[in-house]
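Have a look below at one chain only, the form predicted alone, in structure tokens format.
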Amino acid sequence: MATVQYETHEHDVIVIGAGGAGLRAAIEAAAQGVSVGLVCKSLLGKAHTVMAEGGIAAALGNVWPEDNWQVHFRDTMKGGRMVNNWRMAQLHAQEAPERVLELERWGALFDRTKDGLISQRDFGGHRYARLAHVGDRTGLEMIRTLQYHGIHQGIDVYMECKIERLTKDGDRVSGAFGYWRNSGEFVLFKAKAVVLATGGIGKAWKITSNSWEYTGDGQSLALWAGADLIDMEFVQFHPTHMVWPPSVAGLLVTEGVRGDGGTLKNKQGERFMFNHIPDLYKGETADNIEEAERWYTDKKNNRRTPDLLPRDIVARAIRAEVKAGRGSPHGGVFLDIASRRPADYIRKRLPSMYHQFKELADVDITKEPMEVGPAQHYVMGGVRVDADSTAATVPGLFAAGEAAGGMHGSNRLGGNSLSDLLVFGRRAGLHAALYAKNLGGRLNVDAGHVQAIARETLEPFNRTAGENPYAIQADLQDTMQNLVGIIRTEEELKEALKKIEALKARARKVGGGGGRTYNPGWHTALDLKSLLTVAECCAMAALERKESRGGHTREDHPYSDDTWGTVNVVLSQRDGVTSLRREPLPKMPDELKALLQERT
């Protein structure tokens, strides 16, 4: 059998993914004096982080001096329904303010209060206004700032490169093998440490805010290399996305619209969120319109509007309204800010939303309401990591951002994603660099293993009459949308797993067609491996967790169960077979438990 040719690059640390977490990891690793390579599937700057519009959650106390890391910690744990990794939530709340100020020092241009401080807006589940923002383009400003800072750090950037497998030297990760998307030629990256910052899994669903890159690469790479995944049943369906026209269904409508005063209404004009307040939030959420309106003028002393409840609650409420026949004409509900804020205010605070609806739906949000509905947006689960170091359960492997699990528990609060990227991206880069320094010498890469990966990657070209990869992906997206969506049942989850097994069999017969140069069909065929892997993990974990909590709702187990509130569902893979087990949550110190009992 002919030897497959590939080029080789060697670094102390390889970071896979160039969004907020990957860039921050690469910057921090380079600051430790090690050689860093940054690999991205698309073009630099085309990170999904730019879609995070509303802001960065950090208890700066600029709008409400009463805010502090303890309140932020409490909000995060409560939003995640207490199955968060408490240490990750603690570190995140404590370190987020410095990470935001660091961005400012590096040139980020935040909106300002009248006193010249970084402005902060309200978001769902946060007790105080704490999202540092740049209009509704915060993620874009974060990426711009990190890229401009990063290019001066001596980081080598490898664009349009898809990683297919991690390589190992014994038990340790020793690099990554992939191909250039434009030419199809293979490339091997040798490294003492690898950081996964590849984002989410959204392209396994039909309607998602995620772009084409989000095929679960990092989660699958970790699982195949012997690492654990955690909390994969917890998938966030963000409540507000465009629902019309069909060509833009799933495009995100920032929570900042509601944070700046927008309200949700059904087709009868009723502010229906007052009918969907769970017991957990009664007492701190307004139960009538008059009380909610007072909150906008005196947010400290009045109970907040239910339009800003955590995302899982709002998404289920919208689904209930639509199911009851009270939805908008195109299967969503109405989001109204036009009747509540002046046109100039809307255009200044929400410029992207204004242009998005004007250009894509011919809707002027300063004059009429938007039609919105839920869509898959985020996965709380991911690679199981150590809270302090972000180290996975395989030596030499680290993960941060959406690719890592634990931080957000069963539901992520809006704005916590961007601060998560900064806090744990920095920690991943730091500890990966320290690991590489301590390792010393060079790791070996098994040439035979590399050849086997390369031959497997080329297999679709041997099937001239193979299965259509686009058809398989479409069938997977329908399966996940219909059977592993906002509401789940045992029967449907079992059906989903059967269908995924059948799709895996079809994927083994997929054809590539044409040659290796500029071949999107081949790329899709290869992406199917990771998509099917993470889809199976989600369905397996959802079937195992027999309760409803956060982003996981079981119609046949509609209530939260205290016995499930003390365990994680952990997935691992050996010899190609995925298995799961339950493990107890890490024990929380008494002083942090006490914070959760406080009324803040």
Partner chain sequence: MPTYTMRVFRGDPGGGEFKDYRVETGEGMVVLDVIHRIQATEAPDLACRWNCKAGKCGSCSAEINGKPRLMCMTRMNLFEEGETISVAPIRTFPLIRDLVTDVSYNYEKAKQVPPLRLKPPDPDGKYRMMQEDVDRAQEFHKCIECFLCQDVCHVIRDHEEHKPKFAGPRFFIKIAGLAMHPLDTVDRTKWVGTHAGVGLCNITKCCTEVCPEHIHITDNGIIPMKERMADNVDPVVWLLRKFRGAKGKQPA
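Residue numbers count along the first chain shown, from 1. Just so it is clear, the structure is predicted and the values come from calculations on it, not from any experiment.
Separately, the form predicted together with its partner chain exists; it is not shown, and the next lines address it.
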| query | finding |
| --- | --- |
| Sole residue of Ile151, Ala505, Ala324, Ile289 within 4.5 Å of its partner chain in the predicted complex, by heavy atom | Ile151 |
| Contacting member of Asp386, Glu368, Glu104, Glu284, with respect to its partner chain in the predicted complex [4.5 Å, heavy atom] | Glu104 |
| Its partner chain in the predicted complex: contacting segment from 124-132, 451-459, 239-247, 226-234, heavy atom within 4.5 Å | 239-247 |
| 4.5 Å heavy atom contact, Leu251 to its partner chain in the predicted complex | yes |
| Residue contact check: Asn68 to its partner chain in the predicted complex, 4.5 Å heavy atom | no |
| Proximity of Leu109 to its partner chain in the predicted complex, heavy atoms at 4.5 Å | yes |
| Partner contact for Asp475 in the predicted complex: its partner chain, 4.5 angstroms, heavy atom | no |
| Its partner chain in the predicted complex reached by all of Lys78, Leu309 and Pro584, non-hydrogen atom within 4.5 Å | no |
| Partner contacts in the predicted complex for 113-144 (non-hydrogen atom within 4.5 angstroms of its partner chain) | Lys114, Asp115, Gly116, Leu117, Val134, Asp136, Arg137, Leu140, Glu141, Arg144 |
| Cα-Cα trend for Asp344 and Val248, given that in the predicted complex the distance shifts by 3 Å or more | closer |
